[in-house]
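A single chain, nothing else alongside it, follows as structure tokens in the form predicted alone.
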Amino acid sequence: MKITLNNRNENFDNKTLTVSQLLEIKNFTFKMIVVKINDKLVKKEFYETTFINNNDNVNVIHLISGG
């Protein structure tokens, strides 16, 4: 499977991949993140059931607060 992840081309051996699996494989462990697939926001409660498809554009954004 080929996807674009944060503006970089990535290849995965998986034929199917959920958002949760992607986060685990790529070691995204930060608690406050936003995931968008093809510019559509994926709510955290749907990470386990939302599938990423071949050629999807995925953005994983870390939210950082400060003053």
Partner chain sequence: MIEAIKNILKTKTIGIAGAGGLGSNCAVSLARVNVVNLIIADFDVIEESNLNRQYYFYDQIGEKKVSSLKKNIENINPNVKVKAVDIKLNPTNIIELFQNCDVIIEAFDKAEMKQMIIETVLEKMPDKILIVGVGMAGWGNNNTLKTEKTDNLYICGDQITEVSDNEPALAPRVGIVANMLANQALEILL
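Positions refer to the first chain, counted from 1. Since we're looking at a predicted model, the values are computed, not measured.
What comes next is about the form predicted together with its partner chain, which is not displayed.
Task: Any non-hydrogen atom of Lys26 within 4.5 angstroms of its partner chain in the model of the complex - done: Lys26: no contact with its partner chain in the model of the complex.
Task: Any non-hydrogen atom of Lys2 within 4.5 angstroms of its partner chain in the model of the complex - done: Heavy-atom contact with its partner chain at 4.5 Å: absent for Lys2.
TODO: Consider Asn59 of the chain shown here, and say whether it contacts its partner chain in the model of the complex, taking contact as heavy atoms within 4.5 Å.
DONE: Taking the distances in the model of the complex, the answer for Asn59 is yes, it comes within 4.5 Å of its partner chain.
TODO: For the heavy atom contacts within 4.5 Å of its partner chain in the model of the complex, list the residues of 49-66 involved, in sequence order.
DONE: Contacting residues: Asn59, Ile61, His62, Leu63, Ile64, Ser65, Gly66.
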